[in-house]
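Below are two forms of the same protein chain, given as structure tokens: structure 1, then structure 2.
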Structure 1
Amino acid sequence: MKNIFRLENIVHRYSERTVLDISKLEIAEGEVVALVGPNGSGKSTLLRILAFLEKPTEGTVFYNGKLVKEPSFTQRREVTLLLQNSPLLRRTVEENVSYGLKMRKDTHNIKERVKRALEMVGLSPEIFAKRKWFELSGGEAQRVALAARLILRPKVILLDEPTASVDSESARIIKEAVFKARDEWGSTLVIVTHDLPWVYQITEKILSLFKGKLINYVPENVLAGDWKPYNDGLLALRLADGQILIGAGSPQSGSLALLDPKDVIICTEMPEEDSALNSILGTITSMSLISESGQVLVKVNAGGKTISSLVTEKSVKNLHLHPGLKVYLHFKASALKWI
């Protein structure tokens, strides 16, 4: 498939502080990409760069195969971004939603299109079209802002936490609307969200940012804490309930351990002793089906930390896993990656 974005050696700094450092990133046309990572990891900054709103301090951006120095007007118009906590313009809802079309002088049948865009985000046009920007609740405003993007049927839609303050029913509607964009208009989607079950549902392609760097793990399991030297050059982290996590490797000081949910095995019994194997007792707090993949994300609370494990539906069935069950989590000390 053709790449719509290719980023090379991107570094972005705010007054000497490096907040983004990506050596290579490719996004294919029509792809759905989830962008995840903790607060401050650079997700919004990356979206601003993809939307041509900001120029990276260093590095090159290719859009549709072409090197972008100064984004052309057409290029800019093909990409739209829903900002985090996007403000509305000081106009009515209708005018907010139709703004982009008006700027494009594309006003054919505009009333009808505004109506449909509002319906797409679950807002009744009769009730909301004439409202002023300040006459909306937080979630309503968020959805108006989204409608203003969807109406443009852009080639690339970048969404920064589109469901942050939206109720669960509306979140469902929005998720549908976003898929419609991909399926009907072939839009490329990049979505920032902290809603990990959603992420697993919508795409396999998950970009995970951590302190400005792309990492290869979904940051489900970030094991921060006071890692201390242990036997045999291993490191240990003591949990609140006295259990000990063991990691291998030689991290730099202050670094964090990451654990891929796929590397965690759930057992209902205590396994054999093995110094390099972790075996942590915890309680299942939740289990979510990951779309059609037949996998289940199981979250386990162990000594105050939540550790996730990705297991097949079959083993869930076989092991009779259910929330509230006490289980053992097994993973190798070497499964911990340090960043």
Structure 2
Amino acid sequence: MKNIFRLENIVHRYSERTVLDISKLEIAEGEVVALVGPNGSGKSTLLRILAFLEKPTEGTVFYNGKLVKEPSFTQRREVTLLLQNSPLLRRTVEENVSYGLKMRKDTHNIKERVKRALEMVGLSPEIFAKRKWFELSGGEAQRVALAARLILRPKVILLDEPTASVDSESARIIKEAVFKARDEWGSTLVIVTHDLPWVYQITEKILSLFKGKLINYVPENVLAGDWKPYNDGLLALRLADGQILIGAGSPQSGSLALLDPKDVIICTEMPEEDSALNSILGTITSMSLISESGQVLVKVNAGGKTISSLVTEKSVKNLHLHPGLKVYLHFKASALKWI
């Protein structure tokens, strides 16, 4: 599959503060990629670089196989960014949606195209086309902003928390509209969101950012805390309820551990003692089916930490897993990786 983006050795700084440090990132044409991570992890900055709105301090960006030194007009027009609160022009809905086409002097059949774009975002053209920007609710305004981007049929749609500040109906319609663009036009989608249940339904390519670094791990299993020396060269992290996590290895800087959900085994009874060292009691808080892979992401609160495990649907049925159930999380100390 052809890459639409390839980033190499990207470093981005604001003054002396490094906000991004990514050695390599590839995004294929027509792919759906989710970017997750805590606030301040660099997600929005990465989107701005992909949208050609910022140039990285160091490193190279390739778009559609070509090195981007200064983005061309063609490259800019093929990529669009929808923010959490994308401002509208002080004009009617119809004028907002058609503005991009008029700027490109692409006015052929423009009224019909505006109508189609509004229908894609669930807004009746007869009702909304002549409305002013101030006559819209927050959800309606966000849908108009999306229509103004969809009418351009972009190759890449970048979305920064597109449904965080809208009502549930608008959120549903926005999600459906961007996937209709992917299905009909082959648009690539890169989505920053905290809506993890939705993310796990739509894609298996979930990239986690933490302190500007790209980590291919689910963010709940970034285990930060006061790790202290333990027996036999191991490290220990005491949880809020007194339970102790044990890790092996030698962190080079800081005290941040990563734990792949695939390495976490869920048991409904206390496992027999073995060399794994970690058997942590917790409560299932949520369960999400991941796309069509047949796996379920089970999130467990253990001593104030959220730890996730990937299990099969068969295991969910056999173990009768459900939110609120007490379970044991079993994983090896050597499964923790340090950054």
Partner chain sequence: MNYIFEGVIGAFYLLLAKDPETYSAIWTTLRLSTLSITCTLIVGIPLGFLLGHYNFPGKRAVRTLVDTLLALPTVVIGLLVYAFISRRGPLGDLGLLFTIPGVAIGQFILALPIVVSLTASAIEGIDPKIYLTLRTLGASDMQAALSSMWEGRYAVTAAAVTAYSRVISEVGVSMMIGGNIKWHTRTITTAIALETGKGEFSMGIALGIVLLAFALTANTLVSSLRRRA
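By convention here, residues take numbers in order along the sequence of structure 1, the first being 1. Between two forms, the rigid core is the largest collection of C-alphas that superpose within 1.5 Å. All of these numbers come straight from a predicted model, not from anything done at the bench.
Which of these two chains, shown alone, is the form predicted together with its partner chain?
Structure 1, which is the form predicted together with its partner chain, differs in this respect from structure 2.
With both forms fitted on the core, check whether the Cα of H322 differs by 2 Å or more between structures 1 and 2.
Yes, H322 moves 2 Å or more.
With both forms fit on the core, is the shift of the CA atom of T107 between structures 1 and 2 2 Å or larger?
For T107, whose C-alpha is compared between structures 1 and 2 after core superposition, the shift is 2 Å or more.
Answer yes if the CA of V156 moves 2 Å or more between structures 1 and 2 after aligning the rigid core, and no otherwise.
No; V156 is a residue whose C-alpha shifts by less than 2 Å between structures 1 and 2 when the cores are overlaid.
Taking the rigid core as the frame of reference, how far in Å is the Cα of R116 displaced between structures 1 and 2?
It moves 4.1 Å at the C-alpha.
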